[in-house]
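Form predicted on its own, single chain, as C-alpha cells, below.
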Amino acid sequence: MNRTPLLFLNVFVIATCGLIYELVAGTLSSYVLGDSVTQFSLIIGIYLFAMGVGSWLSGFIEKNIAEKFVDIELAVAVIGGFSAPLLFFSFANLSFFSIVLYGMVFIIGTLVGLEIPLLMRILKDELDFKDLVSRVLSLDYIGALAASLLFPLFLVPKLGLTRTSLLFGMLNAVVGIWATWLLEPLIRKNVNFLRVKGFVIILLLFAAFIKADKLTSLAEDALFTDDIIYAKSSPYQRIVVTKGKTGYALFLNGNLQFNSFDEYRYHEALVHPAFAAFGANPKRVLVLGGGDGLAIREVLKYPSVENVTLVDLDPMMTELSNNLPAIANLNKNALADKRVSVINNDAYVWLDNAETEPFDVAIVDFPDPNNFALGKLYTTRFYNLLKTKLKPDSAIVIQCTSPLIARNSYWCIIKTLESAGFHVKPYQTTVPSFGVWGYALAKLEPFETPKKPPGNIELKFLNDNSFASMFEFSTDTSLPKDEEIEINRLDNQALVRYYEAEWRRFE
C-alpha cells in the first residue's frame, strides 16, 4: 500500500481541525468578552505565533519521530476536543478566563505547528523536496478553507460550539490511530499502547459529545443566579431564559436583555414617546430588533395600528414565544396578532433592499453596540437607510445604552443621528435591572418635545410627570462639554470603541 497519499490526507485533517479549534475559541471569546474583531484578531495572532513556535520546537525532536507525531496528534485531540467545554467552565468559575483562553490557543497552535514539520520529515524520503513542500502547503491551505466554510455554514448552526470541538477532537484521535497503521514500520514499539490511548480518548470525547448539552448547562448554572428554564444556541447567539424571585429574565450571549419584574418601564419608555411625537393616528409601524415581542405588545395598545413589521435577524428569538409560554404571556401573544408580520433578516440588509410603503413610526431596539456587527446598526449609513422607509412626519425611537455608564457612547448615537439629518430629542429613564437608560426620539422635521404620553392607553409606569421628566438630564449624563464626540460611521466604528472603553470599567 502506498501510504504517501494517505499521509498527505493527514495534513488536510490537521489543518482543518486546527483552524476549527481556533474558530471555536474566537467565537466563544467574542460571546463572553465582546468585541469580536479584537478577540478574533488576538486569537489568530496568538495561534499563528504558536504554530511558529511549534515548528521551531520540532527541530529538537530527533528520535522516534513517528511515535512523537502520533502522541502529538492525540494531544491535539484531547486539548482541542475539550477546548469548548473547558472554556465555558473557565469563564463561569475563574476570574482569569482570558489567561486560560489565550493559553489554550497557544498550546493548540504549538502542537499543530509541531505536527506538519514532523510529517514532512517522515515523507522526505518518498518525495522530492519541491513536490513535498508544494503538496503539504497546498493541503494545509485547502484544509483551512474547508474549516472556514464548514464552521459558520454547518457546524455552529447544527452542532453548536461544544459539539463542534468534541467532534473534531474525535476526528483528530481517529487520524492518530490511523497513523499507527500507516507508520507502523517506523514506530517499532509502543504501537498497541498508542492505539489503546487513541481509543480511550475517542470514548471520552464521544461520551462528552452525547452529554454536550448537559456540560453546557452545568457551566451556565454557575453563570446565572436563577434557575435556567430555557437554553438554546442559534447560529447568531446563545439564548438563555431564567426564572427567579423577581420573575423571568432573558440573556443573549450572557448579557441581560430584560427582567419581567421591570421590563415594562423600559418598553413603555421605548415605544410611547414615538407615538406622542407622531401625534396623529399611526397605522404602519416598523420594529427593528425586539424579537421578544415586548415592544410590539406596547405598539398594539394603539387601536389605529393596522400593520406592524418586525425585522429580527434570529428566528429562534421570534419563535421564543411559541417555545416558552412564559414569554408569550409576558408579551400578551403579540407576535401571534394578525396585524404583525415577522421578517427574519439582517435589518441593515432589509432596509437596503426591501420595497415597502413608508412607516408612520419606527422603533429601533437593537442590543447594545458591543461589537462591530452591531455597531454598523448605529452608523450614519444605517440611519440614512432608515430614512428611506419613513414619511416626512414619521417619528422614530432608538435605544441608546446608558448615558450614565457609557456617556460618550450615548451622545455618539445622538450626534450620529443628527449627522444623518434627524432632529433629535434625547431622553432617559431608570430601569432597576439596568440603571439609568437612554433613548433618542427623532423626526425628519423640527418638532416640539412631547409633554405627556398619548391618552387612553393603559400604562403601568408613564404618567404626565414621569413622561416630562425623561427629557431632563443631570450634569453627569448630559452632553460632555470638554470632549469632542465622534460621529459613528462604517469606516471608523467610533461607537464600538467608546462602548468597549466605558463598559469595560465595570467588568
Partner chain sequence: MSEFTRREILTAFLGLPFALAACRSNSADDFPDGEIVGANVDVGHILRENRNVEVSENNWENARVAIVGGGVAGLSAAWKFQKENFDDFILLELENKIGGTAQSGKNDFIGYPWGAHYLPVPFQENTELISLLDEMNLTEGKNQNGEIVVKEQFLCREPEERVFYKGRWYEGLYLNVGASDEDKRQLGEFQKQVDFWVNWRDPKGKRAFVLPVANCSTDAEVTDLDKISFTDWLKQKGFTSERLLWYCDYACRDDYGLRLEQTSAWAGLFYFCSRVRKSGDESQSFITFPEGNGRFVNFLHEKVRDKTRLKTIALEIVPNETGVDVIYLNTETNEIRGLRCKKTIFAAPIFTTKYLIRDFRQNTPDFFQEFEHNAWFVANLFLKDRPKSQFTKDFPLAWDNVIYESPSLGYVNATHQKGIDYGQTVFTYYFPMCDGKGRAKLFGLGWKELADICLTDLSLAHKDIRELAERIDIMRWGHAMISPRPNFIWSGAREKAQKPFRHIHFAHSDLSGIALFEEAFFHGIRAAKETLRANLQG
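From a predicted model like this one, the values you see are computed outputs, not experimental measurements. Numbering follows the first chain given and starts at 1.
Omitted from view is the form predicted in complex with its partner chain, to which the following refers.
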### Task
May I ask you to state whether residue 372 is within 4.5 Å of its partner chain in the predicted complex, using heavy atom distances?
yes
### Task
Check whether residue 349 has any heavy atom within 4.5 Å of a heavy atom of its partner chain in the predicted complex, and answer yes or no.
yes
### Task
Although its partner chain is absent from this view, report whether residue 236 comes within 4.5 Å of it in the predicted complex, heavy atoms only.
yes
### Message
Using a 4.5 angstroms cut-off on non-hydrogen atoms, would residue 491 count as touching its partner chain in the predicted complex?
### Response
yes
### Message
Please tell me whether the candidate spot formed by 271, 387 and 428 is one where all three residues come within 4.5 Å of its partner chain in the predicted complex (heavy atoms).
### Response
no
### Task
Select, from the options 97 to 105, 282 to 290, 357 to 365, 340 to 348, the stretch whose residues sit within 4.5 angstroms of its partner chain in the predicted complex by heavy atom distance.
340 to 348
### Contact residue in the predicted complex, from 381, 197, 121, 265 (heavy atom within 4.5 Å of its partner chain)
381
### Message
Considering non-hydrogen atoms and a 4.5 Å limit, which listed residue (313, 87, 308, 335) is close to its partner chain in the predicted complex?
### Response
313
